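Have a look below at one chain only, the form predicted on its own, in C-alpha cells format.
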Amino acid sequence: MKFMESFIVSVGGSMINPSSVDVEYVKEFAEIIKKSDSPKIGIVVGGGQTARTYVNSMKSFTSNDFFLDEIGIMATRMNAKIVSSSIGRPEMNIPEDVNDAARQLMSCGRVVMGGTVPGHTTDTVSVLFAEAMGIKKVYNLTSVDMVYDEDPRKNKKAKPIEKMNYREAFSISLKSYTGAGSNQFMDSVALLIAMRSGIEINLMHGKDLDNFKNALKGEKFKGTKIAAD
C-alpha cells in the first residue's frame, strides 16, 4: 500500500488508551505507518483515559488550568512513547516542542510526539506541526465518526456533516469547550491555525483503521472534511 503524500495524524488518546493500552490497536496502526511510502509522517498522540483520570484527580487540589494541562501533557508523552516503539523507534526521544519534532522529521521521516505546552491540545500541536513542515493534510483519528451540527448524545436528530469550512467547524467546536480535559471533536485554536494556512483536516473514528486507509488513499471514507470553501 502506497501513500505518497506527507501527512500529520492526530491520534486521540482514547484510541491508544481507552482504559488501558490497546496493544492490538497500536500494532495495527503501526503497520499502516510502517508500510506507508509517504516521505514524511508526523504522529501526535493524545492522553486518553490516563490524562482524564489525572486531570480530574488534580482538580481536587487546584482549579488552575495551567497545571491541569501540565499533568495531561505528561500522559500524552507516555502514550507517544508506546506508539514510537510500535513503529520501531523505541530509542527516539519524544519531542517536547514542534521545532524539535520538525528536526526529527526532517532527518528520520517519521516522528511521534505528544503534547507540548499548557493551552495547546494535541489537535493544536498536530496542526502547528503541519504548518511548520508545510504539510497540507491532517488526519484526526478521534472518538466520533463525524462532526454533527449538535451533540448526537443529547439530540438523536443531530445531522452529520460530511464537509464544512473552518468557520462552521470553529462555531461548533467552541460550543463544546469546558476547560482542561474537554472532549471536543477538535480544538478551536487548531481550527483557526488550519484556516490561516489552508490545512485540510479529515476527521473520522480512529478505531476504524480500514476507513483511515481509504482516506489516505484518497478514496471515499466515513468522516468529515474541514477545508476552505
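Quick caveat: nothing in here was measured; it's all calculated off a predicted structure. So that there is no doubt, residue numbering starts at 1 and follows the sequence shown.
Heads up, the form predicted together with a small molecule isn't pictured, but that's what we're talking about next.
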Q: Let me know the one among V144, I73, L105, I135 whose heavy atoms come within 4.5 Å of the small molecule in the predicted complex, would you?
A: I73
Q) Any idea which of 50-58, 195-203, 160-168, 31-39 reaches within 4.5 Å of the small molecule in the predicted complex, heavy atoms considered? A) 50-58
Q | Partner contact for S84 in the predicted complex: the small molecule, 4.5 angstroms, heavy atom | A | no
Q.
Quick check on P152: any heavy atom within 4.5 Å of the small molecule in the predicted complex?
A. no
Q) Does G119 make contact with the small molecule in the predicted complex, using a 4.5 Å heavy atom cut-off? A) yes
Q. Should V127 be counted as a contact of the small molecule in the predicted complex, where contact means heavy atoms within 4.5 Å?
A. no
